[in-house]
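What follows is a single chain, given as structure tokens, in the form predicted alone.
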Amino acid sequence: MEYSEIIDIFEKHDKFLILTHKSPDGDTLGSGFGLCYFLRDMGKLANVVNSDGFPDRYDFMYVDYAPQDFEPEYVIAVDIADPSLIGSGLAKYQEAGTVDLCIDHHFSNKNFAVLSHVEGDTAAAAQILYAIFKQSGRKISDIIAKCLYTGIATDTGCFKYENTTPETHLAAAELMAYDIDFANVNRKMFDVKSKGRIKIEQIVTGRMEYHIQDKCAMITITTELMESCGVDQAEFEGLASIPLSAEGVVLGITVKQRHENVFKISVRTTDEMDASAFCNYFGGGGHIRAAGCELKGTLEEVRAKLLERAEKVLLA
């Protein structure tokens, strides 16, 4: 789809529901709320929803947000590559034909929406939305800029990841010109950690396993561990970078228990390996250096499946 076609959709409809993915991160929330505020500034009705709720660590994006009372006529998914990522709390939107438009930046997007706009080479969904908003010629408010900057910064690891391009830096630089206190956003996203989060990192780092000639590192986060730490579930997000931080590791795997015998798998890789291809083998996907999937079975069974595949890939 062309940007002009998406802008036409914004103009032709009046009541929008914006879906963000479960276990929300800065890009899906930054994109979702940035789009919501943009549509409201156009005089439209718009709400953002998430199956798991909105974590407190991102509250600076929605501190003044209040849901509006209306029946949606147009549903937009942002930063969602697969309908399963919508989450059980919004299960009805996993059905075919229930999502009208998906705006995403994952190569692995399953084109589940009626219409899709996917830019696999773009660092963040928020970067795509910024380009759309600019083309519309409409004013971008400070809160929209703050949301979009957060989405771009978080999905690039504060511009450290390989998905960062010159265009990404240019978009971020333009957004920094707004009154968004970007330094505080970066500090909150990347530097400040609760005591509970520090405790979690100490535990998982201490229990990290090395496999396949130390080329693969794995951390495991069980519901038992989460309950014992006594912190909000959001504190367990963003741990996937830990395994790859060990010198010599090519494949970093994070196994996080969602329910009994259901595990969320997050994969991070160096330039020696394709994370998306690894997860695609298990029905998932994502980016070349960061991807994910979901596996069912006991923890031992899930670990065995992952390590068996890792060995085939790393020793090929």
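Residue numbers run from 1 along the displayed sequence. In this text, all values refer to a predicted model and were calculated from it rather than measured experimentally. Each form is matched to the other, and the largest set of C-alpha atoms that superpose within 1.5 Å is called the rigid core.
Below, we refer to the form predicted in complex with another copy of the chain, which is not included among the displayed structures.
Looking at another copy of the chain in the predicted bound form, residues His169, Gly206 and Ser245 each place a heavy atom within 4.5 Å of it.
Only one of the listed residues (Asn186, Thr223, Ser116, Ser136) places a non-hydrogen atom within 4.5 angstroms of another copy of the chain in the predicted bound form, and that residue is Asn186. With the partner omitted from this view, the residue of Ala131, Val231, Ile212, Met176 that lies near another copy of the chain in the predicted bound form is Met176 [heavy atom within 4.5 Å]. Within 4.5 Å of any heavy atom of another copy of the chain in the predicted bound form lies no heavy atom of Asp64. When contacts are judged by a 4.5 Å heavy atom cut-off, Val255 does not count as touching another copy of the chain in the predicted bound form. Contact check for Ile198: a non-hydrogen atom falls within 4.5 Å of another copy of the chain in the predicted bound form. With a 4.5 Å cutoff on heavy atoms, Asp142 does not count as touching another copy of the chain in the predicted bound form; it lies far away. Stretch 156-164 is the answer when you ask which of 84-92, 99-107, 156-164, 119-127 has residues with heavy atoms within 4.5 Å of another copy of the chain in the predicted bound form. With contact defined as any non-hydrogen atom lying within 4.5 angstroms of another copy of the chain in the predicted bound form, the contacting residues in 260-287 are Thr270, Asp271, given in sequence order. Core-superposed comparison between this form and the one not shown: the C-alpha position of Asp69 differs by less than 2 Å.
If you fit the rigid core between this form and the one not shown, you'll see the Cα of Leu39 move by less than 2 angstroms.
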